[in-house]
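Form predicted alone, single chain, as structure tokens, below.
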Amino acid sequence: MESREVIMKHYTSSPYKKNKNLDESYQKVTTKSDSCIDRLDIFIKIEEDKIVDAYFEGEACAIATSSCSILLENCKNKSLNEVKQFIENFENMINNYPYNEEELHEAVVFKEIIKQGNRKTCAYLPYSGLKQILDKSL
């Protein structure tokens, strides 16, 4: 599947974009862009140092929305340390540092984003939010 197809699949039909009732067991973080309309609320349920459920709500462009969907897909049922490593690997990729492409799975669709600074912000938006939750939990 081409990068554009992966992005559009996650943008139009993400299983992680839900309108759920807020449960107190979920940690929430709101991420928003300073330069556009992108605003995502990310909800993470952590049990025994593992992300057991995740979803998001909000309004954002195709890049930010699909990036959030791909991120949550890759983090569900992973330990907090595994998620931290996933985020670091993604950061390396979008900053043009060495990274492990295999470990990023579908997130590699954003590997060319370094050529577009404003889109890089969109792709990284959900990662910055999840990092805030991890910083509190680790």
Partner chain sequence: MNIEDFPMLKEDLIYLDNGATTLKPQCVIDKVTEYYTKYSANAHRGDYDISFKVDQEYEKAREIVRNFIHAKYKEEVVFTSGTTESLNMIANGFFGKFLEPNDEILITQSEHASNVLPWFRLSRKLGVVVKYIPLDEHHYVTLENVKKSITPNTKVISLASITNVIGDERPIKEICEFAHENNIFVVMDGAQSVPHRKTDVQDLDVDFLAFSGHKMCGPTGIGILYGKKELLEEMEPQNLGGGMNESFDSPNEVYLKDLPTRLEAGTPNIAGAIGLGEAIKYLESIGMEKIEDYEKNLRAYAINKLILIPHLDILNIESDSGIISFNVTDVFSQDVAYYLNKYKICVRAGNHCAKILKKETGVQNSLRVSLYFYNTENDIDNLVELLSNKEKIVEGIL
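Positions refer to the first chain, counted from 1. For clarity, every value in this text was computed on a predicted model and none was experimentally measured.
Not on display, but discussed next: the form predicted together with its partner chain.
Participant: For its partner chain, considered in the predicted bound form: do all three of Leu71, Ile94 and Ile114 come within 4.5 Å of it, counting heavy atoms only?
Facilitator: Checking in the predicted bound form: none of Leu71, Ile94 and Ile114 is within 4.5 Å of its partner chain.
Participant: In the predicted bound form, which of 23-31, 56-64, 77-85, 98-106 comes within 4.5 Å of its partner chain (heavy atoms)?
Facilitator: Stretch 56-64 is the one.
Participant: Could you tell me if Arg119 has a non-hydrogen atom within 4.5 Å of its partner chain in the predicted bound form?
Facilitator: The answer is yes: Arg119 has a heavy atom within 4.5 Å of its partner chain.
Participant: Using a 4.5 Å heavy atom cut-off, state whether Val52 contacts its partner chain in the predicted bound form.
Facilitator: Output for Val52 is no: heavy atoms all beyond 4.5 Å of its partner chain.
Participant: How about Ile7 - does it come within 4.5 Å of its partner chain in the predicted bound form, if we only consider non-hydrogen atoms?
Facilitator: Result yes; Ile7 sits at the interface with its partner chain in the predicted bound form.
Participant: Tyr11 near its partner chain in the predicted bound form, any heavy atom under 4.5 Å?
Facilitator: Answer yes; at least one heavy atom of Tyr11 falls within 4.5 Å of its partner chain in the predicted bound form.
Participant: Who in 19-54 is close to its partner chain in the predicted bound form, meaning a heavy atom within 4.5 Å?
Facilitator: Residues within 4.5 Å: Cys36, Ile37, Asp38.
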